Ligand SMILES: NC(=O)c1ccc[n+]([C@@H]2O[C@H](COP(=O)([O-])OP(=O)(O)OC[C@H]3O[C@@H](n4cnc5c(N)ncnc54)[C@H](O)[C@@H]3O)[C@@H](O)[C@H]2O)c1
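What follows is one chain in structure tokens, specifically the form predicted on its own.
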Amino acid sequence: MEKGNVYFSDNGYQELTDYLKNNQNFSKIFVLVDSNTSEHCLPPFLQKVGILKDYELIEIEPGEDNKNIHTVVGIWDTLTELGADRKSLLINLGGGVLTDMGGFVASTFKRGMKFINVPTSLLSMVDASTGGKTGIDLGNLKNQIGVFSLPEMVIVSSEFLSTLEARQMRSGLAEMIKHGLIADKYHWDRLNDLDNLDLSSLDSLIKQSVTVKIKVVTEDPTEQGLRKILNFGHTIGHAVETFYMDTDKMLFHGEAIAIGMIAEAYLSTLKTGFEMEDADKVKKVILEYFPKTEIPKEDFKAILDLTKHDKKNVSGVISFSLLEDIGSCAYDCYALPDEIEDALAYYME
């Protein structure tokens, strides 16, 4: 088994069962959940993995506002109290916040213990749980603290999606749209017609999104080059998400990335020769699934200032990954402040 492999549905549970059978020397096994996944996802997970009987459960509060060093310290303390060591295993059962944070906890506790991700939201299935990025937020700045560290495996099972509300499902859809735009035109075309999809089609789309991400990450594990294309929509998207984080306009991650993709599709027309007709199509398709968020012009400057904290920036220059064509993306592109504000205006038009 190669570290970081992604397995699907019953095949995934069998792989996990075999892994646990073949690694009986774990000193202890811990399962990290939040209060939501403890109630809705833990029972079916334990039923599928019958071999997992002797484990310690660690439960945290859900939500992005708990993705911080205070929660991490609490988990470290609990692991210490329960006798965890470097030969322990942590299974992260939850959405993107939990798998990001659980991976960071495992990778740093006693300089590293093994972990497995079992994503329970669409967003975490197609994005957060795969690829080896772990991390937490620093104040309102997203994912500022973290390390690259691959899980032992990732188990993706769409049965967990029945527990999600529609808004959370849409949040994951944004990352799937991104995968099509940056690397797979056929995937993008299929996502244009979601009204006619059934569950088996959704399983296929999830697999294709994961395939796109794994292919990119395998070629560039630590984001020295190609992996940067996965950040399309995220420079502006993260800034918008951060700006509205503690307001009545608070956005889910995918909702903010949807805004970022529309704005950065416009930037692509200025920087990489992306056709305006295609930018308009991107905008039309995304707005069919994501209700428009009103962003007053007086907020543009503050959002622009937040883009200066993006992790991709070098020497204070704001860096973007921008579309060259549907299914093709360039990275290390740069835009002027006025152009970024124009991109936000394009979103609002």
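Since the structure is predicted, the reported quantities are computational estimates derived from the model, not experimental observations. Heads up: residue numbers just count along the shown sequence, starting at 1.
Quick note: we don't show the form predicted together with this ligand, though the next part is all about it.
> Of these, T269, S149, T108, N143, which has a heavy atom no more than 4.5 Å from this ligand in the predicted complex?
Replying inline: Going through each option in turn, the one that passes is N143.
> Which residue among G237, G180, G96, G103 has a heavy atom within 4.5 angstroms of this ligand in the predicted complex?
Replying inline: Going through each option in turn, the one that passes is G96.
> Which of 108 to 116, 242 to 250, 70 to 78, 128 to 136 has heavy atoms within 4.5 Å of this ligand in the predicted complex?
Replying inline: Of the options given, it is 128 to 136.
> Can you check whether T163 is within 4.5 Å of this ligand in the predicted complex, heavy atom basis?
Replying inline: Yes - in the predicted complex, heavy atoms of T163 and this ligand come within 4.5 Å of each other.
> Is there a non-hydrogen atom of E56 within 4.5 angstroms of a non-hydrogen atom of this ligand in the predicted complex?
Replying inline: No.
> Would T120 count as a contact of this ligand in the predicted complex, using a 4.5 angstroms cut-off between non-hydrogen atoms?
Replying inline: Because a heavy atom of T120 falls inside 4.5 Å of this ligand in the predicted complex, the answer is yes.
> Any of the heavy atoms of S319 lying within 4.5 Å of this ligand in the predicted complex?
Replying inline: S319: no, not in contact with this ligand in the predicted complex.
> Using a 4.5 Å cut-off on heavy atoms, which residues of 16 to 48 contact this ligand in the predicted complex?
Replying inline: Heavy-atom contacts to this ligand in the predicted complex: D34, N36, T37, H40, C41.
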